[in-house]
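The form predicted alone is given below as one chain in structure tokens.
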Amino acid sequence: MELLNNFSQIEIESPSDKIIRQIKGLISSGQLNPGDKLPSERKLCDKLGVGRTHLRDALKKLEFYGILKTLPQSGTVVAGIGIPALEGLISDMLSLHNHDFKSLVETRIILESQAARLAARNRTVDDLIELDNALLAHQKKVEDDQSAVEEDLLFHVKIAEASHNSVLKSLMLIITPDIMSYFNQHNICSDGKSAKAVEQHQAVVKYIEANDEDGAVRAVTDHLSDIIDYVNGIT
């Protein structure tokens, strides 16, 4: 049994994953630069040999992570300078050593705590509406017993947005997706923890709404306690 634990499940890349990897590769190599416009969906589908559903799924994820953005009447363009390269470096780091991953998670905890503090201080009515919407979207996926990884990520991004610190938000976008993907892949946040996460999200929003900075930090720390316990066990 101990030997079996050394093996991991084989992950088969979907067409959208392959598209994401290819676009990130073009950005990292400098063939795509900030502000560059992507070809039309039709041309990309013909070139890549995929259907529009796979392409749109890939573009949606890349935009969600801040690598691409859609401009009205201009199409899809490469977003901010520097972020894609850093995101790639962090992806590489995740495949290196356990202590690297531990450091990455510890950094996330620091960033999330400060994001929650600033959100409680700076949030607007519109921010609270966005947080409530993200909270409900995550809750619905959990209640329907569906994967809620992206909805969970979006909730934490909305906290960073409510902090009104653009650098903090960018750092969160760089770090958090790969961490959540790692935890999902290794089935770390399972065993009924999704329902618990919904309640913890609700507590975070309550303190942010009340402008309670210390309460928001405590709520986020409590929410991340399982992650803290996990990384503390990494040698």
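This is a predicted model, so every value here is computed, not measured. Between two forms, the rigid core is defined as the largest C-alpha subset superposing within 1.5 Å. Sequential numbering from 1, following the sequence displayed.
Below, we turn to the form predicted in complex with the DNA, even though it does not appear here.
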query	finding
4.5 angstroms heavy atom contact with the DNA in the predicted complex for Ser103	no
Lys47, heavy atom within 4.5 angstroms of the DNA in the predicted complex	no
Distance check, Leu71 to the DNA in the predicted complex, heavy atom within 4.5 Å	yes
Lys196: touches the DNA in the predicted complex, heavy atom cutoff 4.5 angstroms	no
Partner-facing stretch of 166-174, 25-33, 198-206, 49-57, counted where any non-hydrogen atom is within 4.5 angstroms of the DNA in the predicted complex	49-57
Partner-contacting position among Gln139, Thr76, Thr107, Gln114 - heavy atom within 4.5 Å of the DNA in the predicted complex	Thr76
Heavy atom contacts to the DNA in the predicted complex at 4.5 Å, residues of 122-136 in sequence order	none
Cα displacement of Lys206 between the shown form and the other one reaching 2 Å, rigid core superposed	no
CA of Leu44, rigid core aligned, shift of 2 Å or more between the shown form and the other one	yes
Displaced residue check between the shown form and the other one: Thr53, CA, 2 Å or over, core reference	yes
